[in-house]
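Heads up, the chain below is alone and in the form predicted on its own; it's given as structure tokens.
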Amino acid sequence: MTDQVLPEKVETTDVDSAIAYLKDKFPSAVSDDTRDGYSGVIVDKNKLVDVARAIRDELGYNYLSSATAVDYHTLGEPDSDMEMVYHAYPITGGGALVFKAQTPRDNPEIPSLVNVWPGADFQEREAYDLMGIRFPGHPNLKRILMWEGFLGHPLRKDWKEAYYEEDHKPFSSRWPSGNVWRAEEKNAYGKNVRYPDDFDLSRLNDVSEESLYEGLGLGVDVQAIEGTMHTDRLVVNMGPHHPSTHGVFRMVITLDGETIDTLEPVMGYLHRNHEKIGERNTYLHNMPFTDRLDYLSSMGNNLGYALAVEQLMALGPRWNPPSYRAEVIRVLMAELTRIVNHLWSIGFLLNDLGAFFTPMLYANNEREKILDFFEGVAGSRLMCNYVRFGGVFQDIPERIHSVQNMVNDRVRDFDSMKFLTELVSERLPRFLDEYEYYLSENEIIKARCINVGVLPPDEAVGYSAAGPLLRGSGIPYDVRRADPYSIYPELDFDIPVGERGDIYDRYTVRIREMRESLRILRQLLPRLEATKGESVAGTNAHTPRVPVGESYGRVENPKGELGFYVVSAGDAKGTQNPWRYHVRAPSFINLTPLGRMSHKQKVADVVTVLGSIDIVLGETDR
């Protein structure tokens, strides 16, 4: 999988010791990042691969969580540097070693780290696609979210969309004058799309498919296959219209008979440049946009983003951390979200196996009870927009009410704490017992899942897998324990892991994680009672001026590590809009090993392998 050679390991006690070791070993290539509010080291790109190997093999930071591209154009000179920011962690737990490589903007090139961490594969392709940074040594460098004929790199600071108005919101046409006009009114239909200069629309010939197939190294003439089938090897497209690929995801599969030889995920059908929108918005504007990422886990999305911005706000003089009650409520919502997600995930996994709808709807009946609670507290069932900087939107109400919109509507009216107590102490545990009774020993499920889609533990780490995909391979890595946040350090819970790294292990990990979430929730109930009356609103939460610097906020979301890399720059008084806003999306990165997991499997199993990863395309494509 990798070229990993294990030299003698260096004993380091903390990140500072690791940085000191790197500076001593590579004195001319590694230097401190001395910018205000920044951390980590800057590495000479010509030595990046050597330094990365030392970080992985000698210092034990063997898990590359995130690789983020940043464009600093207009902050300095017109040809100012572009930057790749890497966050590496020890899989045994601990904080991040942040290292960066810079490159001139007029000819951006940074060596690929795929041979060190295979998990850099899709992340480097994303940086190439959206920022235009080339990565010599990458085995398959091509666009991943945009099509090959797209003009430009849409996350660069000088790139303007067709309906561009201004760099930041609120737009002056909306506020404060209120003389509203929209960019669409000034762009004639048919003139809102730009093409490369050498692109002749009258002679359109899309070659992106040929480029895709060539990149697979199939050894098959795809054009010839369309006319004559004189080969035992066959290229099959599953999706984007396949029901189990959500209508916006595709797998290009090479088959040898019924056996999968190669598989490449093709995504981007739902890409909407979420991060560019995030850099246009004010900090608070972004909170409801995080709901639209993994729309089954909006509470967790809110929390991850809030933690990133709060790290920056803590650099200022007026920061007040969330109250204890606010932290309890945040964890309460995050753990309920984990159950919501896993119920849906397991239901659809069974759907992919062929048990159409019944297991999914059975689980969804319990999921709806949690959504009733979300609606009563946040006002919304799916996209909750609930967390605020320094707190939450509002406290848990005394009673959960619903409104009668039609004559026969059933109106809910429950005591909130009684409803919550009965849910986590009786109803959900009873349901999980019953659900496991029907599923876990089912001979069809075991035959279709055991030893299928195996991901070995060393490869799971190398591919930057996260969540149940990583823990199903036997790696007990969970951000709540490895790099704790909020009040998780004081809570008692275990980290479930699998044994074989197959589909069945990923299923059982999710079942056991729901039981651990219930264990956490039962510990929160007395804390909620003890903190009644305590404020939950954040100070300066709505229009914060965020100090200059960088931050990386991450949470253990149901699908794995969700991270937000945020840069606040350009205004010594504190910015109101992020300079860089990047989402480390577990649904996106967890697809990196899909081809490896599907190799030598049967074509009938590929949808189940995909289902066991548990992706949401809103988060994958962003």
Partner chain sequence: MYGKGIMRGLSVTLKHFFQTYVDDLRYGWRKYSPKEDNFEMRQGMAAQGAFTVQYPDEKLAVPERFRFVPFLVVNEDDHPEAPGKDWCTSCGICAKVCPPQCIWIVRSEDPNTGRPIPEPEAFFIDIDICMNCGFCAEFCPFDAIKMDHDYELASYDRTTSHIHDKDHLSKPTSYWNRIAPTRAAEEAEARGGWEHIDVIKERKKAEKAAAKAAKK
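Numbering follows the first chain given and starts at 1. Just so we're on the same page, rigid core means the largest C-alpha set that superposes within 1.5 Å between forms. What you are looking at is a predicted structure, and each value in this text was computed from that prediction instead of being measured.
Although not depicted, the form predicted together with its partner chain is the subject of the following passage.
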Joint contact, Lys369, Arg427 and Glu443 to its partner chain in the predicted complex, by non-hydrogen atom at 4.5 Å | yes
May I ask you to check whether Pro317 falls inside a 4.5 Å heavy atom distance of its partner chain in the predicted complex?
-> no
In the predicted complex, does Ala530 have a heavy atom within 4.5 Å of its partner chain?
-> no
Does Asn385 make contact with its partner chain in the predicted complex, using a 4.5 Å heavy atom cut-off?
-> yes
Distance check, Ser486 to its partner chain in the predicted complex, heavy atom within 4.5 Å | no
Spot the stretch among 318 to 326, 91 to 99, 288 to 296, 462 to 470 with residues whose non-hydrogen atoms come within 4.5 Å of its partner chain in the predicted complex.
-> 288 to 296
Pick from Lys142, Arg182, Arg522, Arg233: which residue has any heavy atom within 4.5 angstroms of its partner chain in the predicted complex?
-> Arg182
Sole residue of Ser380, Thr254, Gln311, Thr508 within 4.5 Å of its partner chain in the predicted complex, by heavy atom = Ser380
Establish whether a shift of 2 Å or more occurs at the C-alpha of Trp181 between the shown form and the other one, with the two forms superposed on the rigid core.
-> yes
